[in-house]
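Quick heads-up: it's one chain on its own, the form predicted on its own, in C-alpha cells.
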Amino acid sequence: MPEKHTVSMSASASGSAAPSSALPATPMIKPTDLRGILRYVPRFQGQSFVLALDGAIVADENFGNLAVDIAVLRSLGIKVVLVHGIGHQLAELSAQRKIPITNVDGTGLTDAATLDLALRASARVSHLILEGLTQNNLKCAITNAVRSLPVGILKGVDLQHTGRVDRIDKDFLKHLIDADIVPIIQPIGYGPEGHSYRINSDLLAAELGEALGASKVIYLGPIAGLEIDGVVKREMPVERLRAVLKETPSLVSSASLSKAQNAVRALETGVSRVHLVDGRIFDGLINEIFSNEGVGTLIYANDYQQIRQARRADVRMIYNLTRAAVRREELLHRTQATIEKFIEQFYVFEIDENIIACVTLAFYADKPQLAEVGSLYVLPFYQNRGIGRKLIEYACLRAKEKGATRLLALSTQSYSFFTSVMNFEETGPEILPEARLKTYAESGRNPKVLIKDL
C-alpha cells in the first residue's frame, strides 16, 4: 500500500522558497503538514529514492517548485539520486538547427549528428538542474558513473551510438551520497575507450534503482500517471501490469509505455515501489509520497506472497493459533465450527508452510462500500516484524478490489496499532450496519470502532 498521508507543502525545509510567481512570499507550512510528513520519517530515513525527470519537466515552469520538493526529501534524511531525460530539448535543438535526428528517446538508432545534439541537450538540462538545486542549498555533482557498451545490431539495424548499461559505479555514487552530495546522472554512458553512448533515461532509472538498492523509483513526466485503456490507474500490482504488457500492450498509452516497461524491470530487480507522477503539478512529488490519495500512479511489488486465503484444512490451526489471544480477551471467541463456517473470510500468513498469523475480512450486503477487518493475530515470536502491518495492508488491497471505500476495525487492546501505524481513526458505533451493531452491543466487549478511508 502507499506510504502516504495528506499534506500540502509550500516551501522547502531548508527555508528556500520557489520563485515568487509560484509561491507566496511567506512560507505556509502548517503543523498538520509537518505531522503528516514526520509520521514517515522513521520509515523513509536513510532510504534511497531514484528520481527520473523527463526533459520536458526540467523545462517546465514548475521545475523550481520541484527542486524545493527535492530539498524537502533531503532534509528528511532521504538519499536522492537524479537521472534526467533530454527528449524535449533534443527535439528543440533539432528544429532550431535544422538537423534531422534519428531517434528522440534513446531507444532507437543514434547516428553521429543525433549524438552530438544529445550531448549538447544533456549538458543544458544538467546545468538547469544544478541551478535549481543550488538555489535550494543542495550540493550536487554531474557524474560519469554509468559505464556503457553499444547496443550493436538489432534486427539487422546497427544502432550505432545507442548504448546499454554495462555497469554502474555504485561505490562512487554511494560515496557522493554519504558526502551529502546529490548525484546527477545524464542519459549518457561512457565506454571503456571513453566513447559516449545515448541511453534511454527510463531504463537508466530502473538500472540505478537496482544498483543502489533503492526503495523507490519515481518517474516525473508530463503525464497524469499510468494510462491503460484511456483510464489513469492510481495503483497497480506489478503482476497485473506485466500481464497487460504481455497480452494487450496496445492498451497502455504511448506516453507511459516506456515507463511502464521499465517499472516492471525495476520491481523485478528489487525496487519495491515505482511511482509515475505528473511533474508539472505544484507539490506533486511531496503529495505523491506523503498523501493518502497521491497524484499519480503507484506500481508495487508483491510484498504479500506469504499471505493466502485460508482453507478448511486450516481451521484447527487457526483455532489453536488464536486461543491464547481469546483467553486474554484480545480477540472474540470463535469455535472451530464458527471458524469453518466463515473460513472464506480468513487470510493466513505462512512461514515455511506454518501459519504464524491470521486476519479476517468481511463485507456487508447492505453496505457494499464498507468492509471490516478483524481477528488480527501474530504469534509472539514473530511480532514486531511488520507482519501485522502487511496483513492489514493486504486486507486493504482486497477490500478495494471488491469495491469497498472504507475499512472498519473493532479493537479492545490493539487500537493504538490501528491508529498510529495503520492510520485508522476512531469513530462511533453508529457507523456499523444494523446487524453488526446488534452483535456489537450483545458482545459486551465495548471495543473501540475505528475507520480508514481506502
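Note that residue numbering begins at 1 and tracks the sequence as displayed. Only a predicted model underlies this, so the values are computations on that prediction, with no experimental measurement involved.
Heads up, the form predicted in complex with a small molecule isn't pictured, but that's what we're talking about next.
- Only one segment in the set 59-67, 394-402, 44-52, 408-416 has any non-hydrogen atom within 4.5 angstroms of the small molecule in the model of the complex, and it is 408-416.
- Distance criterion of 4.5 Å from any heavy atom to the small molecule in the model of the complex singles out Gln383 from the list Thr269, Gln383, Ser75, Ser253.
- Though the small molecule is absent from this view, in the model of the complex it lies within 4.5 Å of a heavy atom of just one residue from Ile218, Ala371, Ala145, Leu331, which is Leu331.
- Using a 4.5 angstroms heavy atom cutoff to the small molecule in the model of the complex, all of Leu376, Gly388 and Val421 count as contacting.
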